[in-house]
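First, one chain by itself: the form predicted on its own, in structure tokens.
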């Protein structure tokens, strides 16, 4: 280290200044000059000595307690350890749980200091023994199942209305799932106890929601934001269609056979022709009005019901090999003719 001192006298501005250079040497013994180094250069002062790296000795402590999972008994009651839903705690779970994304070929991170396990909800409290104990505790608040409802047929008989909904549990920022609001109502049309006019009108009101093969009416609602609102909506739709189907408007009395959307065999000339043929065969032909023709019971005519079904199906479904064959069989049975052999 060097100090430069400049001294001058007052009044001697132009006089030469005495300059002295004093050099202070470091007292450190380790800062000796290297060979070949000039004396006029500054030397480096090494204040912090370089210390050799010392290896740390591992001291085994005898006062450290074992981990909690090592102190757990194998026959413990897990419901007391994990009684309810809570954040994952690695020291309380004696299982080698792993979770997390890693490159291919490596094992996922363990449960220690794993933030991925703490992000998601867990169901570690819902083990089979715990669920069984909870069900046993809830039995005192439940009523016994009715003995009469011992089969699916009896349940459908006493409770014909069926409500279908779904609940979802998933890990996302929102606890709501859009599909959880969907409500489906199903009921058989025969359970509604409608007459002929109301049944036909109800089918036209519900449209393609009625399945003629299974006789089920299915109404689905998903326009409301919550499940309860959609449940009220499907009940309202069923109630409105039911009461509207019983209404008989004045203009419906003026409908003729040409205005009908389907073929009604009882109101057409086919029934009159069958009755006249039957009375003529029995030599009891008489003049009848429209009301008498409609009230005539065709069950007394042999094979009359089959003939009615085949004609109605032929007219409503159209001409196809099946309807033509059924009509041919019904006519031959009605007239007592031998059946045609199928090739």
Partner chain sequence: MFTRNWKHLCRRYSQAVTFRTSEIYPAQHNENQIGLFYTIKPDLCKQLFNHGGLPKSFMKQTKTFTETAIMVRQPALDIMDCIRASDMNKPVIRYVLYGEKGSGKSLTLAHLLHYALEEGYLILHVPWVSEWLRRTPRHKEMTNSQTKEGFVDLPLDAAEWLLHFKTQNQALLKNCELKISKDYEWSKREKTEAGSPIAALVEHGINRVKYACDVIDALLLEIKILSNSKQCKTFVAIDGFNSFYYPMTRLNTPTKKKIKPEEVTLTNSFLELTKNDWNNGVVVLTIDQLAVPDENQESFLPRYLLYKKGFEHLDPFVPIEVGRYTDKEFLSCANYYRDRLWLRGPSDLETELKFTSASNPYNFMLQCAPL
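Residue numbers count along the first chain shown, from 1. Everything quoted here is computed from the prediction, not taken from an experiment. So that the term is clear: the rigid core is the largest set of C-alpha atoms that superpose within 1.5 Å between two forms.
We do not show the form predicted together with the partner chain, though everything after this point is about it.
This chain lacks the partner; the member of 114, 218, 270, 230 within 4.5 angstroms of the partner chain in the model of the complex by a non-hydrogen atom is 270. Of the heavy atoms in residue 208, none are within 4.5 Å of the partner chain in the model of the complex. Proximity of residue 314 to the partner chain in the model of the complex falls within the 4.5 Å heavy atom cutoff. The shortest heavy atom separation between residue 280 and the partner chain in the model of the complex is within 4.5 Å.
Mapping the unseen interface onto this chain, residue 258 counts among the residues with a heavy atom inside 4.5 Å of the partner chain in the model of the complex. The candidate stretches are 71-79, 90-98, 104-112, 262-270, and the one lying within 4.5 Å of the partner chain in the model of the complex by heavy atoms is 262-270. When the rigid core is held fixed, the Cα atom of residue 223 travels less than 2 angstroms between the shown form and the other one. Fitting the two forms on the rigid core leaves the C-alpha of residue 186 displaced by under 2 angstroms between the shown form and the other one. Remark: with the core as the superposition reference, the CA shift of residue 270 between the shown form and the other one reaches 2 Å or more.
Note: the CA-CA distance for residue 199 and residue 308 expands in the model of the complex relative to this form, by 3 angstroms or more. Closer approach of the C-alpha atoms of residue 258 and residue 209, by 3 angstroms or more, is seen in the model of the complex than in the present form.
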